[in-house]
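Encoded as structure tokens, the following chain is the form predicted on its own, with no partner shown.
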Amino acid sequence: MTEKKKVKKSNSIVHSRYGCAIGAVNSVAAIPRGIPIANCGPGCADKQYFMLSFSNGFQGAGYSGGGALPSSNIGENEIVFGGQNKLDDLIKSALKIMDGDLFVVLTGCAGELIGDDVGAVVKGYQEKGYPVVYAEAAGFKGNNLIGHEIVVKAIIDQYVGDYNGEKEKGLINLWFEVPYFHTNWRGDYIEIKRILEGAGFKVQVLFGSEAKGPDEWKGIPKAQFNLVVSPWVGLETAEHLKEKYDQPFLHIPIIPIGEEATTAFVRKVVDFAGIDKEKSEAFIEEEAARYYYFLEHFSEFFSEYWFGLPAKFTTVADAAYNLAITKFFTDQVGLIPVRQIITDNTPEKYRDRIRELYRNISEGISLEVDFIEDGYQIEAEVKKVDYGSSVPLILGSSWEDDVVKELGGILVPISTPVTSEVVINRSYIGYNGALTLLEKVYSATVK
């Protein structure tokens, strides 16, 4: 549909849309009774909290995140003389004060650059039976999505450990959205778990309100297979688990939104697992009937007020939400995608595969996607789009607020950061989330 546009990569970034690797402290905080311990400079972990949680739907810190998080606050003294003794004291204090079942030490830039042997410090606790692991999550290694995978691998290798037992048919490990980074992650985890359980599976979600804490992580090797529902985050974890536990994985790169995509998703997972289809087909029938009951009523609004509704849309978001939202509005709602910009600094090795997904986004529709991180360049690209006579619809972040006002368009926040909304357990995915997303977009058009 659109010709490929080449955007020169900037050597600086304004309006960042992700944190650094130490932002994975939030992934640990998302595990019930998981305690992150930040081994980094003062303010590092705090900035990640403000970027990924406070300024992203005001999600809150939970039991062990935000200001409750233990930190070594590495300073000049530790940089000159080493910080192992201070870290040792910190772990000792955290174990005494914080009531948790899994402690994860995340080392940031300062700790890694001065060469502290964090592994040796942590090993002393592991040998005494304490549930402590460490992850090297310096910011120079990448963003918080990379940090998330580093932390997950550390927990698997150092806490879950070896396993040679049986696998349980129908039990799934879910590798899905990145906690806190994806603004709606809490509601999305609830919806995806509801769908998979409705189809007949047991699901180990590992993060959020539906997770069961570190004991659930111990059950990872028992699962029949790993399910990765993401364009790229989670793939390294699944490949690692395949090698470590001889555990297969199913990769579904596009998060399902709406009846058509969600039903196809359920059938694909059921086929892969080889479980009985009777329960899943009954679930699909019930969910589809409910979905179209509501959609039928919505269609009256859609047909009556078509003259004031947006026809073309731009998506500015990380790869996971960008793909899912673009497919839903193109394939199932019938809007015209005019510009898609991925902002999460997707690793190069995954980009061609993602480009192919956009080129086959819907029957007869092929898109070219851009990978841009710099807010200045993103704003310039959004301004270039021709929306014709329709109202521009921008599905992006709060950083797009100014350019949307300039265009006289509608902004629906879907990606980090989101400073204009409080998000509790909202979801835009699956059967139920799709209806919420339609409510959100079309309520914005009639304000």
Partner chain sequence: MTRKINLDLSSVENREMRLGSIISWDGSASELAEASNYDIRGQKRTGEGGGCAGKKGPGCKLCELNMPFNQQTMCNHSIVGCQVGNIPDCILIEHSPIGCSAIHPRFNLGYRIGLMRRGKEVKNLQIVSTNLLERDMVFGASDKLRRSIRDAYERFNPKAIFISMSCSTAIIGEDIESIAMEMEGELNIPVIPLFCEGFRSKHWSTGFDISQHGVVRQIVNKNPQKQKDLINIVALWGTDYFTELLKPLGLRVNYLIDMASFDELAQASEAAATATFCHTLGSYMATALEEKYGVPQVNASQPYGFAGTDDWLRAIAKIMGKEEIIEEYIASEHARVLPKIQELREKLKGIKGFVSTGSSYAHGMISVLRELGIEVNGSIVFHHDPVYDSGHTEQNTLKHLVDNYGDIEHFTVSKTQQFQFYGLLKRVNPDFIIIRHNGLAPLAAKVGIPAFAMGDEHFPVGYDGIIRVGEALIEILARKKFNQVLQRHVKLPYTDWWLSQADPFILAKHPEILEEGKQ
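Since this is a predicted model, take the numbers as computed values, not measurements. Positions refer to the first chain, counted from 1.
The same protein also has a form predicted in complex with its partner chain, omitted here; what follows describes it.
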Judged by heavy atoms and a 4.5 Å cut-off, are Q126, P214 and F272 together in contact with its partner chain in the model of the complex?
no
Stretch in contact in the model of the complex with its partner chain, which is absent here, among 255-263, 83-91, 295-303, 192-200 (heavy atoms within 4.5 Å)
83-91
Any chance L407 has a heavy atom within 4.5 Å of its partner chain in the model of the complex?
no
I'd like to know whether G433 contacts its partner chain in the model of the complex, with contact meaning heavy atoms within 4.5 angstroms.
no
With the partner left out of view, is N39 within 4.5 angstroms of its partner chain in the model of the complex by any non-hydrogen atom?
no
For G388, is any heavy atom within 4.5 Å of its partner chain in the model of the complex, or not?
no
Pick from G119, P248, P347, G75: which residue has any heavy atom within 4.5 angstroms of its partner chain in the model of the complex?
G75
Name the residue from V333, A288, I336, I79 that puts a heavy atom within 4.5 Å of its partner chain in the model of the complex.
I79
Those residues of 58-77 with a non-hydrogen atom no more than 4.5 Å from its partner chain in the model of the complex are F58, G62, Y63, G66, G67, A68, L69, P70, S71, N73, I74, G75, E76
